[in-house]
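Following this are structure 1 and structure 2, which are two forms of one protein chain, each written alone as structure tokens.
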Structure 1
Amino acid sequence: MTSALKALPNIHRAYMIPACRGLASHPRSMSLWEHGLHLFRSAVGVVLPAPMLRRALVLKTDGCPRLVVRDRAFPVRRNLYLVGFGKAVLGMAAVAEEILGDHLIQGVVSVPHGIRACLQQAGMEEMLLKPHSRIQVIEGAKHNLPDREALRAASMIRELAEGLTADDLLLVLISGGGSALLPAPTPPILLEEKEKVTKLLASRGATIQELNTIRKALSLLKGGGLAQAAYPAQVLSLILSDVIGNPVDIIASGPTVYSSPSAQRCLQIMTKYNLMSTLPRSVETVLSSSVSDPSGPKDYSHIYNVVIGSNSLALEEAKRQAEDLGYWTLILSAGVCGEVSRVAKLYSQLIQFVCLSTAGLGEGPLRDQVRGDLLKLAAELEIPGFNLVDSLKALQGLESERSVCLLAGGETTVQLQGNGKGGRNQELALQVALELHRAKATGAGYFLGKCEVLFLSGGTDGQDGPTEAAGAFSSQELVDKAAQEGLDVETFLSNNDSYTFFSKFRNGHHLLLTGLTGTNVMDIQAILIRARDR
């Protein structure tokens, strides 16, 4: 994220999306591009810190003051403390402090290096703390790696938690990136040793579940350690999820969720990624003694973990907006994962499937073939929450000429082979364009030609990989149009150079440029399809 903490180059400013606003023009007269931007903006808007916190956290002052979160009420009487760690936590803390008022005694948050300057520069003052805030801010974890500053923040957070009593309430704000911002290696492990292990695991393709299992085993605060430090105070965690399925024990390595990975599981992971021979001695020592801590509290009733923002929430809002614009809308899944090239094939086949209906070619061998290919691909990808059979049934029943919006979210992966500049969303948009181009060349041209298609993919944090863009959008005509500008899509893709491509193509017009959004619920894809005017 830190590489995004720069001003966007002037050339792109013209394409930045204005803040979320109502749509004045008639939906049909608007381009799919405008619709796509509106849906993306709306989806992100609903998971921004302010609306999210205000929905989740209410201070009731009639009678005894109490903090109400869902079905629970916590009595408050100037007994509130706040800690937080994660990429979206500064904005969350600013709103929380406004809500809590004088009941908040003290707070510490660990947030990404450079974030205040960046938010200031972007004019996002509402995400900054007020001048006489009771919350101390520490910026660290440059390049999303734990460092000395994050270590200092973690020890201040631990100290604050350990000083609490049974009368206190600790509000914990958690978002993605929290693992790197809360490093507290279990002695004798040194910060550098822990960093080396996590870096190696990440570079060898470990999943976030595997990575955070190891982080928990090597940390004093992860895997419930923070909640344990705060005991016997009440602990209320408000969590913004950046992991598929919203597993609270994995997001930011679950500092308020008791889980103690077994030594056997950790050693399995280390063996899988061929790390056993390179493990520092201190890590081996801690791993081999990593069994449940018998001194931990027996009941967990002092902890209340609540997911207040997620990819699904963002998709639901996009669905509402798409329906308002007149689209027949379907959320495919909030758990889209897998290699970008395979996910692109899936989306391309789905687009073809919809275009067959829109063109009035609902039945026949062509449709059966696309359906067969889709089922095969979906079985290989095993996307959580994606019921392709039901989705196809719903799409099959559509009247022709109906405008269709398919929405999905999650986090794909890119196997980096080249040394270009890009991100998973831009690469996905470019791959989808290439797949549609290839499909047209092999017989799908007739029915694809009957439809206008827009594919958009963007990171909700506003930054796709190490680039200034959140993502990009593409169409079935993109490859041909690019060729007219002398740009060969396949060459850019083979060098993982999607950002360079989109920056050059139509002078950056297909880049999705939002600037940092201050939130992060992974990525969102929108596919918009409508029959061409005859």
Structure 2
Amino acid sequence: MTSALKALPNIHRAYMIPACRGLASHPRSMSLWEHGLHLFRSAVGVVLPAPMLRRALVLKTDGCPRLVVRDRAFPVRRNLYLVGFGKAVLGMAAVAEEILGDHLIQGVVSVPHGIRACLQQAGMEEMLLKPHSRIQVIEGAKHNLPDREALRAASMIRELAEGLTADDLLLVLISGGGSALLPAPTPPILLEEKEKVTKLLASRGATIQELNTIRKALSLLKGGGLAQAAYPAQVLSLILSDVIGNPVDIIASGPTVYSSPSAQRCLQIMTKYNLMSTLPRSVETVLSSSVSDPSGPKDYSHIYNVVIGSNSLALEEAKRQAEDLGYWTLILSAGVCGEVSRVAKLYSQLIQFVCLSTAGLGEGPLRDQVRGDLLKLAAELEIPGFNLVDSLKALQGLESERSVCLLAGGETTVQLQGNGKGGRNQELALQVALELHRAKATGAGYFLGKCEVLFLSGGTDGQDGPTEAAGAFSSQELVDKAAQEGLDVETFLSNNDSYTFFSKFRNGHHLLLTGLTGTNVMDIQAILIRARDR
């Protein structure tokens, strides 16, 4: 296997071109790794800012100039302002300014640290603002954590919004990562205190919904705070979703959606993760008081929120590409969630079921045992949109030795037990490899060995945790091959040290390295299975 970085030195450029309709080599002569990388690249390519924004936002100049978004028209007469925050916002802002022209008066966007240099180095000038742009760019939230620069950007965004009148239109661009890039703690909370609380919650496995509930309660601009600040101006919010189910009140903690979490709910979350005794006094003060603000608008009729891109859109494109490569393809869910070890077990059992089915064992006690284990685990995980019964029926009826591609998306969680370095995608890939290794000792192991298997998990933003990798590849042979190099997979997993493992194993050749992609719609997982050549 060749490393993703060496195989595609211009991978960022590759994201910008339309997905290939059939590759140069015959699909059978290509490795599963090449197929997996192509599917990931295609999935990311379709949710890049430029194509999404141009589909969503149109400036019509016949008669009275107006912005048209879906079924709504917004008159414009040099009264347009722009703010944005998130990992995909720089590219969104560049396209928006091109569309809006002289109608745009001023803008401020908060984007990830280092993204301009990364995009420039990759030759992605179309995602960069032009010289003399009316939009000010502030980079912050290094490693996706709130910092002083992000706080400065939030203050400038708030100041701009508060200066608007009823005659103005505020265009708000929101994408994944927006929460960390829009930190404005409610006094007397300090930024460091808010960061401590959110890091503690994340380390104990809190869901994105729970994290954002707390963020709203501790923030001036989240939970509709930005919308209140902009009142009475008209607000048009274009959203690239990085949350399962695309709930606009959760994405970036809903700065343009009124959502006031109760103090009781916040305290329940803190109690659930046993954090009450470790909270800073300022956080206790804010959480113990009412977090609702009786002032400001009640109906929020001046706000129009539109989701313009999501994980489902990326998965559909990957499915089209996989079918062009000859795979029988199934999208499992765009809402995969849960702790990585449980999700890895589910994927391992699905792989075993496919190997049994493609070997012609669609019936029998072994297949029934794997099926029963799958149904039990799926019921425990409660993954949104995952109809396992129908999926297993479809897989059971496959032709013998048919190549199979299973696709999924979402966002898993990691229970931190060690002090290693990694991210949820790398940990998931490594955990899947361990589960497949263990499966070799079971009755299904013989049939597993008759198949080539590739598992890929990657973050569409190109950054998995505090690492430069987007994710990783794995297979059922990985654990044995790692042992030959003196690397014990279980030891690395127990220390949450997946990045260190993949960096050492085969000189990092199993890492998925893309650099920042300029977009973010959660994670993509691909399982590729085909019969081994006789």
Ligand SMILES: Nc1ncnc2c1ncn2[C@@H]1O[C@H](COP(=O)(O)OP(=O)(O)OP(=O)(O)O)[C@@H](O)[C@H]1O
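Each residue is numbered by where it sits in the sequence of structure 1, with counting from 1. In this text, all values refer to a predicted model and were calculated from it rather than measured experimentally.
- Between the two displayed forms of this chain, it is structure 1 that matches the form predicted together with this ligand.
- For the candidates G409, G309, G224, E435, the hinge between rigid parts between structure 1 and structure 2 coincides with G309.
- Domain rotation between structure 1 and structure 2, with the chain taken as two rigid parts and C-alpha atoms superposed, amounts to 15 degrees for the smaller part.
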